[in-house]
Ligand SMILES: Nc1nc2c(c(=O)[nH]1)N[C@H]1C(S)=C(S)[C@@H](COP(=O)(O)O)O[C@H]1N2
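This document starts with one chain, in the form predicted alone, laid out as structure tokens.
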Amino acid sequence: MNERFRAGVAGAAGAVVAFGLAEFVHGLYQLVPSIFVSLAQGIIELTPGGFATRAIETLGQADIPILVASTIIGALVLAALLSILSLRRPVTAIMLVGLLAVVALVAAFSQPFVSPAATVVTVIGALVMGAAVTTFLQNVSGLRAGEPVAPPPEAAPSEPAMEGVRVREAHSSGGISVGRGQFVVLSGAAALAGLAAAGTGRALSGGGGADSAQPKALDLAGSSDKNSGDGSKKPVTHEKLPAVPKDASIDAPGMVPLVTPAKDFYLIDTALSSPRIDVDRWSLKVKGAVENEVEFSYKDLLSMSTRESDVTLSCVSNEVGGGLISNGRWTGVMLSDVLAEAGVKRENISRASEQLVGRSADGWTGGFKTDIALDGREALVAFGLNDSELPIKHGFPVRLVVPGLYGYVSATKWLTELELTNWNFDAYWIQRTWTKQGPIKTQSRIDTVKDGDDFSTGKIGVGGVAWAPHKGIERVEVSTDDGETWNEARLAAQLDEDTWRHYIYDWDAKPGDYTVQVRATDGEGVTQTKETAKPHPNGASGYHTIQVSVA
């Protein structure tokens, strides 16, 4: 094992210890952010928009795992190079380690709700510990410059030789130098200790996005009164929806639930780790081109009139037939009511207030036409999902839910600001070459039959979901001959025009190979397009198509 390789291993082991210690502290104290996640998040933010979009198109949902793996490898390689450099240029190496500390602190302070003192102590302490481990491994392997290793002395007859251990000359300040096998054991032990600390920290923090506990049930008070601006009282109500009617669902093998459980709700966002927000410190500001800027606490929102709404949300990156779509029963305050507190009305929207921008605690932005928030649809400042508080990974304490728009322009999680501005402002994904407006396209999906399935002759239920949020679904048709003929499917009752709708077609299948397709017609009488398109730049289109065989 040559000198450079041993030095590199020592540096990599020290880096694992440093990251592990920092992650462990993050698990114990949430106001110290995960340094590794902060660095990876910084890479995401600094990646040029066009490159980021091409990466998403090429890698799909593997983009984040590949980024994390690349960041880990890059950090280990950098630590190894610094360790090698320290053997010849120790002062330069120390300066570069100091620069890394600055970079880590800048990345950490870009995260929301950070304790500055604790974060500084953690970063410096982790780097010192990592450097100490690296130096120790360099010392015991005989790598320190100017300290040559003497050959092992012959063992006296009465003194057995110490196998694998090399003893330095009496005048050397380096102490004991171990053999290759023991060096590997020591390095591995240090790395394992770092990994154990990191794993414990991730478990304590809830796994970087997964909830550490089940969301609490919502507890909204009954009707009450609230003082209005002129001193009068106005009623405060909490409107609940009736139970989901049985005829709104179709019970068939493979059919997805009409209301998606929170644990199964699709998840895609730019945050590698969900912000942990203290509701007692959180507030929502409405600012920009408004008559009067206002600020709401969490308790303020819960004291306003609230309502439940059934709304289907979809990600713009969902492929035809894909699973990045879910339906939930949301609880919150009407977005129009929140804007009204700042004096925003449909009749006073100007060019200066044409766009409504939601800003997240982590700095993410999404923007859409202000008029959409005031056109009567049940756009919500939401704090509940399926009768419980929002899960952390889905935006706790508050997020936006806007029927009819893809999430990349509207579904701001961990919401902290609403800003009225002009149309020239480009939000996060618009800067990354996605289109400015994001209406959800009418789509349908086959769920009960999978591509490549083999069946026996007889009745086969071809079913699934169709959606056109804010328009509703009027008709769904299924073809079993590659679009030559179409057969109308049976529809469940429409739960709401803002939700997806179950359908099923009872196909009397004969022997043969078949191409099965589905298409939907929305509530305005417009049938989804046959033209195929990839998700970028404004959503996928085309018929979901599968191949099956019947014998």
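One-based numbering along the sequence shown. All figures in this text were calculated on a predicted structure; none of them were measured in a lab.
The following text describes the form predicted together with the named molecule, which does not appear among the structures shown.
F183 within 4.5 Å of the named molecule in the predicted bound form, heavy atoms = F183: no, not in contact with the named molecule in the predicted bound form.
Contact test in the predicted bound form: F383 vs the named molecule, heavy atoms, 4.5 Å | Contact check for F383: no, nothing within 4.5 Å of the named molecule in the predicted bound form.
In the predicted bound form, T433 touching the named molecule (heavy atom, 4.5 Å) = Looking in the predicted bound form, residue contacts with the named molecule do not include T433, since no heavy atom lies within 4.5 Å.
Any of the heavy atoms of N139 lying within 4.5 Å of the named molecule in the predicted bound form?
-> Output for N139 is no: heavy atoms all beyond 4.5 Å of the named molecule.
Of the residues D300, D337, E419, D269, which one places a heavy atom within 4.5 Å of the named molecule in the predicted bound form?
-> Result of the distance check: D269.
Out of K441, R445, R377, R399, which one falls within 4.5 Å of the named molecule in the predicted bound form, going by heavy atoms?
-> Filtering the options by heavy-atom distance leaves R399.
Would the named molecule be touched by all three of S314, Y408 and T412 in the predicted bound form, meaning a heavy atom each within 4.5 Å?
-> Yes, the whole candidate spot contacts the named molecule.
Determine which one of 242 to 250, 106 to 114, 474 to 482, 399 to 407 lies within 4.5 Å of the named molecule in the predicted bound form, judging by heavy atom distances; exactly one does.
-> It is the stretch 399 to 407.
Taking the named molecule in the predicted bound form, which residues along 358 to 372 bring a heavy atom to within 4.5 Å of it?
-> Residues within 4.5 Å: S360, D362, W364.
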